[in-house]
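Only one chain is shown below, in structure tokens, and it's the form predicted on its own.
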Amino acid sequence: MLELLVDTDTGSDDAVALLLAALDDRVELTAVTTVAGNVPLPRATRNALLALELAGAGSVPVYQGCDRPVLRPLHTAQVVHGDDGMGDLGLADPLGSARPGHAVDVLLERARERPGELTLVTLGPLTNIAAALLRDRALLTRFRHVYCMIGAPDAVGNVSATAEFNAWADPEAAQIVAAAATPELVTWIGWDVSRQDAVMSPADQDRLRGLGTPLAEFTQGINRKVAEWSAAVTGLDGYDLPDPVAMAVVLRPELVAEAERAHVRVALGDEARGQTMTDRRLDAPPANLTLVRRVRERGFKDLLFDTLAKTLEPQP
């Protein structure tokens, strides 16, 4: 059984990633922590609760974390995901609410209580993880592995010319995590993977609609704003799913088609803010991260469609 702790700034693609984890029979989702990023913290928390309840996992505890980056003001991606982060569909409020306690304390406590057992998956800016690292420099070593959806090691950005949103939103936090990482412990899955291997083409969207399940309708609906933004900004042939493809790597490591170990820093200066600087020189410092560079697209989409085709029993 793969035991996951997921940290998320729940926008529309994060919600789909949570569905993948919550609906996998081989996974125990032990807790979800939320952070400001795609949307302000209260909306990120609301959206996490909504996704979990839709998946029949409303009992998974959700804890709120940091409501702003380590040093910078909060800049959200609501222009991408909608004001509510879920395509502005007017979804009803979740039945549940966040548990008492701060996400940073939960990360520290869970990792210390069960060293080497939990896998940490981050889907948003790394603010909570960085804050926890400042209190426990050995934090990353206490997890079985840490997977982060972050970065653009090919320097093709989505929020700027060269930066991916999660790294750009809190570059100081990303650099704190990178500086504490080793390639044996920490894997980053960047936007380059999503842009190449996780684009929902018009044919994919037709297939999704054809499933006719509540999960499929939810996924297509909450990503409608992302589809509009992608057509106007990134020019992709459909909307892409960075957090779900990162979660797929966690759930099915055999989907990784290409990876490398490299020394990575995150740019902090204004001009290149958030750029993932990958040093591939022969005299580069030792590698600190494993970077996933390509994923088997067909395998990812099969996992996605198989999950969204499920029909769930009504919850009591």
Ligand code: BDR
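Numbers for residues come from their place in the sequence shown, where the first is 1. Source: prediction; values computed, not measured.
There is another form of this protein, the form predicted in complex with the named molecule, and it is not shown here; the text below is about that form.
- When the named molecule is considered in the predicted bound form, only one residue from S230, Q220, N158, T187 comes within 4.5 Å through any heavy atom, namely N158.
- Although the partner is absent from this view, K225 stays clear of the named molecule in the predicted bound form, with no non-hydrogen atom inside 4.5 angstroms.
- Interface membership of N38, defined by any non-hydrogen atom within 4.5 Å of the named molecule in the predicted bound form, is confirmed.
- Within 4.5 Å of some heavy atom of the named molecule in the predicted bound form lies at least one heavy atom of N166.
- Using a 4.5 angstroms threshold between heavy atoms, A174 stays clear of the named molecule in the predicted bound form.
- The stretch in contact with the named molecule in the predicted bound form, judged by heavy atoms within 4.5 Å, is 238-246, chosen from 130-138, 238-246, 86-94, 105-113.
- Of all the residues from 186-200, the single one having a non-hydrogen atom no more than 4.5 Å from the named molecule in the predicted bound form is W191.
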